[in-house]
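What follows is one chain in structure tokens, specifically the form predicted on its own.
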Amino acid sequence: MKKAGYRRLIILLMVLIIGLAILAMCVGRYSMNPGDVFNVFGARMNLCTLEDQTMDTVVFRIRLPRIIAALLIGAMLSMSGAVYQGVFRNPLVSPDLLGVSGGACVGAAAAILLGMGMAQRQLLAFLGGMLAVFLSTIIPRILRNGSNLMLVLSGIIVSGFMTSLLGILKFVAEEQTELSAIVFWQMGSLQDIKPNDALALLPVFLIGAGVMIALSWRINILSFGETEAKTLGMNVKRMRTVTIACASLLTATAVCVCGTIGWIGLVIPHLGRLIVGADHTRMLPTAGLLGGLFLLVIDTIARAASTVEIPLSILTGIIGAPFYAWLLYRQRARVS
């Protein structure tokens, strides 16, 4: 894709995000039209008077934080997936490769069993996810083998261990309350998002995504392979550590806020690669915008399609699996 075409694509995605964000603020159990939404923002800027203060509460306390969180979390997961796939040279890699999701689930389940609140649950989930990443990266050092394959195998080991710990926590949980809360958290939801949660995501996203985009040309070199990268004078071990740390930080932060959401980090990077090519300097921003757009659509459907909110992983699986099959069909000549 030429430079002008890439710019038009980015502008188009931003326009779509703004349009869908306005639509998402309108739909729900308390329905509004775009004029009402603009009046709410106008009243906040003292440009007009708002007759129904309920609209202000619905927009600024409920829907806008969810929209911001959906955009940031979708971008976090998709960009992390793109980086993992580039670094490990494997299109089947997803953001939970190093056990981030499993560790976060264990932390959240422990918080639920201890009767902790949402803030403590998010903290333990984040610590659990980062602990899993730490274990996955320390095993190759103990075995004195720093290859990509050993790191992947370590992630599989840690993921299996975390799954077993989660099974133990589910076994001892009270069936009607604690167990159901653990299962629902695993399926992913943004219904408990507060304004502070959305704001807390922003600095992590800016730092992690900023570093990955700044190093995107180096990720291109890493995707050629370790031998080629070393030949070009790159410190492969240091570069891989930095990129994996950023991707894992974004993934752990996203998972601790909304639970586990599948398919985004696997499918969206493929779509971005199909549109703009394998160059990570273009693919990472494109994947971030596509991921945010996708999760915003999913979350809007989840809360507006039924009287009971649908868990996000159900919808991402229903939509993501056929879409991924279509992407494979489009690229069938390259798959061998």
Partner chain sequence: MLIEAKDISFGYGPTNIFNKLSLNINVSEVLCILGPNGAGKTTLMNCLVGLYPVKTGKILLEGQDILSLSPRYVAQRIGYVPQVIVPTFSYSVLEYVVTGCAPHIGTFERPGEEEYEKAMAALREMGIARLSDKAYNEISGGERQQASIARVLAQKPSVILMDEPTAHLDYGNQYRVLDTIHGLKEKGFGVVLTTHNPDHPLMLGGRVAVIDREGNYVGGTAEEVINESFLKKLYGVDLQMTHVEALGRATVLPPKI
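For clarity, every value in this text was computed on a predicted model and none was experimentally measured. Positions refer to the first chain, counted from 1.
Here the subject shifts to the form predicted in complex with the partner chain, a form of this protein not shown in this document.
Taken together, Ala111, Ala119 and Gly259 are entirely out of contact with the partner chain in the predicted bound form: none brings a heavy atom within 4.5 Å.
Although the partner is absent here, Phe224 lies within 4.5 Å of the partner chain in the predicted bound form, judged by heavy atoms. Among residues of the shown chain, Leu215 is one whose heavy atoms approach the partner chain to within 4.5 Å in the predicted bound form. At a distance threshold of 4.5 angstroms between non-hydrogen atoms, Asp192 is out of contact with the partner chain in the predicted bound form. For the chain shown alone, Leu232 is a contact residue for the partner chain in the predicted bound form, at least one non-hydrogen atom being within 4.5 angstroms. In terms of contact with the partner chain in the predicted bound form, the residue from Asn220, Asn145, Thr163, Ser180 that brings a heavy atom within 4.5 Å is Asn220. The contact residue chosen from Asp36, Asp279, Asp52, Glu309 relative to the partner chain in the predicted bound form is Asp279, the criterion being a non-hydrogen atom within 4.5 angstroms. Segments offered: 87 to 95, 153 to 161, 181 to 189, 67 to 75. Contacting the partner chain in the predicted bound form at heavy atom distances within 4.5 Å is 87 to 95.
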